[in-house]
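Here you get one chain, nothing else, as structure tokens; it is the form predicted on its own.
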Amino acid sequence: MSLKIYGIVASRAVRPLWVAHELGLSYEHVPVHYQGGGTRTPEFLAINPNGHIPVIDDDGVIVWESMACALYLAQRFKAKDGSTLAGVTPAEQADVLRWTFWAVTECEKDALTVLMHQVAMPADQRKPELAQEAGRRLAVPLRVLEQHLASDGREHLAGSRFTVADICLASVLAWIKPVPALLAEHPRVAAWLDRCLNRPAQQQVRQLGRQAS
């Protein structure tokens, strides 16, 4: 098996990297950066003409778009103990798909705006009003997620176990973690996010990022 994951931890590439570490996969990490023209070389554009990370190359099967990469790896591989991050029943698969797509359509844009304009960008380039507006919009999906987690005392999104859906959504909501006020009214969401981000595989991926910096 030859598996390559292109991208850096401090990007959406964290999603397939997290899946790979949860499953204990052997892979080659190709730390292509989204800045400095690394994704615009002829070599990289040959595997992703969009010029974005992440990309995975699974023995010649090329997948791009971070959520697609994560879902592909979860469906393609199992851990050595036979466990899986994919849905194994129609109900679980439905939950995996809906929460993963929901993360993109309902949360990602506003979560990224909060991150950029409250944390990541240089202070003189931030626009706090954009972060505040995005935070107000996020209150709606956060309330939906809080209600879902409250039903039957759920600890995970799909079924009763940790799946790729948790990875995909947690990788998005991790962007608002530095702004505690956004999670203060959603204790179940905050607790779920902590459980996800404290998993050993997530810690391994963070360490990978620190080693590369």
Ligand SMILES: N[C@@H](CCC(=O)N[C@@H](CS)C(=O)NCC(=O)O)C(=O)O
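Bear in mind the structure is a predicted one, so any value in this text is a computation, not a measurement. Heads up: residue numbers just count along the shown sequence, starting at 1.
The next section is about a form of this same protein that is not shown, the form predicted in complex with this ligand.
Residues of just one listed stretch (166-174, 23-31, 143-151, 45-53) have heavy atoms within 4.5 Å of this ligand in the model of the complex: 45-53. Interface membership of Ser11, defined by any non-hydrogen atom within 4.5 Å of this ligand in the model of the complex, is confirmed. Remark: Glu65 counts among the residues lining this ligand in the model of the complex, judged by a heavy atom distance of 4.5 Å or less.
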